[in-house]
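Here's a solo chain for you in structure tokens, the form predicted on its own.
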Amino acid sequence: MMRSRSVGRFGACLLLVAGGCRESVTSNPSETLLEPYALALPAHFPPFPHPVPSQAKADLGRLLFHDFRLSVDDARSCGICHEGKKGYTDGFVVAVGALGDAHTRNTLSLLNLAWRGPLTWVDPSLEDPVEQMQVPLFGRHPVEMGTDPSTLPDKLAGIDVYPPAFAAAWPDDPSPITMTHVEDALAAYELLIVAGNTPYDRYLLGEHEAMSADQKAGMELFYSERTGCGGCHGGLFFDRPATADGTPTSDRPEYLNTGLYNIDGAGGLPPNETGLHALTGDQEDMGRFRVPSLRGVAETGPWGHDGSYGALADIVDDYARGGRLLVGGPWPGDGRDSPWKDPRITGFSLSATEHAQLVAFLEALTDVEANARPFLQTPFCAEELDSGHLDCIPVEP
């Protein structure tokens, strides 16, 4: 049996949650849609730091996040650059825009965005998800989505699914299809991408067999004084400065030079991306980038601010060495000798077994359930799906 979703049912059930399609439980479907999204945080997570959006707003954000028609070429969506199966990144070395322009930085994950604080590699001030979203939507140097804010509302108004979706999210607004509401809905959806059911999380909650013996040994190494990994990747989200055991010493991430480059023997970086230095002009900020979260790290490769790492094992090797050595190529140099490298990057020794155990622990930070939650999947499809699959909204190919 083949089926597709009728757009006219939006008010009654466009909601896709973990258990499938949830029909209205009140006599007035709009009342259900205006209730807060049923956010179920992991027991050990901190409180949600943002207002929980309504179900209708989250549903609308889901549509917009996965709709190719937001881009200048009708061929790219937010969900293309942030795929669940890739840890909500794109799998490219550096991001590629709608017009084929290559960016200078690797795409950061959206996992647990609500708790992340600064949202980019180099700008500590950019913490608001709506402000950050405006960069890929409207930026022109380079173009990412290439969205035209002057024409998008009218474009959405002409697509059958959107007028009732916006009306459900803002029932008191006679003209709800605005760019402000587009941005608000997108942010609401992105903040709901929560991942906290990794083997590591289950181990923390008392399921001692959730991690393998190698993963547990790798965890001990990660938090050991020898490697010092937990000193920079501390806290529940592995992105805060911390004591040796991973207890955060700050509620903000650091911006560090980890010895990736030293192209001139004086700590120089490739000129197209110099990190925090590009904002401040201070030489001591050369090569300093935000410490990224390690949640989902096994799926978010290639790694590094410029995607220049192709394997987690290579990253471990270079931290063990105390900095990366590049021989040949356009940017040769020994990052271990960079004068701007963080003094905590001193190197350490690992046996082959310990090396594999440390990588195994990093692999235990993946929440496969987050990538499979029905609500986080695209609601669109070019062809109708069998009844055993998620409902979908047919879209012209």
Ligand code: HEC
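Position 1 is the first residue in the sequence shown; the rest follow in order. Because the structure is predicted, anything quoted here is derived from the model rather than measured.
The discussion below concerns the form predicted together with ligand HEC, not included here.
Heavy atoms of no residue among Phe68, Leu156 and Arg373 are located within 4.5 Å of ligand HEC in the predicted complex.
Only one segment in the set 207-215, 243-251, 161-169, 139-147 has any non-hydrogen atom within 4.5 angstroms of ligand HEC in the predicted complex, and it is 139-147. Of the candidates Ala95, Ile263, Leu152, Leu325, Ala95 is the one whose heavy atoms come within 4.5 Å of ligand HEC in the predicted complex; the others do not.
Put simply, of Arg321, His277, Arg202, His103 only one has a heavy atom within 4.5 Å of ligand HEC in the predicted complex, and it is His103. Ligand HEC is not shown here, and in the predicted complex it never comes within 4.5 Å of any heavy atom of Tyr37. Although the partner is absent here, Ala58 is not a contact residue: none of its heavy atoms lies within 4.5 angstroms of ligand HEC in the predicted complex. Although the partner is absent here, Trp121 is a contact residue: one of its heavy atoms lies within 4.5 angstroms of ligand HEC in the predicted complex. Contact annotation for Met219: none of its heavy atoms lies within 4.5 Å of ligand HEC in the predicted complex. With contact defined as any non-hydrogen atom lying within 4.5 angstroms of ligand HEC in the predicted complex, the contacting residues in 216-234 are Phe222, Thr227, Gly228, Cys229, Cys232, His233, given in sequence order.
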